[in-house]
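What follows is a single chain, given as structure tokens, in the form predicted alone.
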């Protein structure tokens, strides 16, 4: 048995030692160490190139090294083996913390006070309780559900939306294209944490964003391709939207000349909402391999038709 790790620069150097510690019987190599490529049963990577996949004829399982599967699914020549998403409670915890922090910052006008500080202005702004602010969450997977619980614990009035219907105790939720606007029309702060699929590509556009109440705020911690950036800029300029916190972008790193960097109503962070630790990734990989070896059902298998 052997696993090949297609390692990106941002991946921790500790991932391979952690896998080896848990499974000393499993041979683990890092690309481009491809001696006898036919021996590899498993591939771990975010966006392995087609030429690599063509050299691995005996793959049995492919693990995404990221939370989503969009990069894998975009790879030409992907073999017909199970694709597994990297799902871990620690990632859900980190992303929900980050998104909740952005919601709180907009709710309590912290970005406005930061701007006042640069101008030495002392101007208290009106206060509202969290229960008086409705937050809409797009995407009700493991991370989205964790976020809705966090926001509700803080007191916010939360509604959710997902592509397919979900029943979540205590959470008013909507599903499908026909019900998307019911969430948008009542969300003063909108958080997108959707997976990237054909159906969600460009979902935050001038038509959908204009359905938000005037003065609403957008927080995107899903994928950059969810957002039509020019449409957001236009709605900010005309005052329909009052701000945005963006952690993901169409092009990363965000180009130096991009208007988001200097826009007074946009908060930019460099794709840092969450990450899967080396320990967690190794635990997911080795647990799934053990299930595969025992003939058990695998967890978090990507539905190629749905895109996640």
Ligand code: NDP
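All of these numbers come straight from a predicted model, not from anything done at the bench. Positions refer to the first chain, counted from 1.
The next section is about a form of this same protein that is not shown, the form predicted together with this ligand.
S.K.: Can you pick the stretch from 149-157, 113-121, 192-200, 232-240 whose heavy atoms fall within 4.5 Å of this ligand in the predicted complex?
M.R.: Going through the listed ranges, the match is 192-200.
S.K.: Select from the listed residues 273, 43, 282, 244 the one whose heavy atoms reach within 4.5 Å of this ligand in the predicted complex.
M.R.: Only one listed residue qualifies here, and that residue is 273.
S.K.: Is residue 68 close enough to this ligand in the predicted complex to count, meaning some heavy atom within 4.5 Å?
M.R.: Close contact exists here: in the predicted complex, residue 68 approaches this ligand to within 4.5 Å, heavy atoms only.
S.K.: Residue 221 near this ligand in the predicted complex, any heavy atom under 4.5 Å?
M.R.: So residue 221 counts as contacting this ligand.
S.K.: At the 4.5 Å heavy atom threshold, is residue 133 in contact with this ligand in the predicted complex?
M.R.: Heavy-atom contact with this ligand at 4.5 Å: absent for residue 133.
S.K.: Using heavy atoms and a 4.5 Å limit, would one call residue 6 a contact residue for this ligand in the predicted complex?
M.R.: Although this ligand is absent here, residue 6 would stay clear of it in the predicted complex, with no heavy atoms inside 4.5 Å.
S.K.: Could you pull out the residues of 292-308 that have any heavy atom within 4.5 Å of this ligand in the predicted complex?
M.R.: Residue within 4.5 Å: 308 only.
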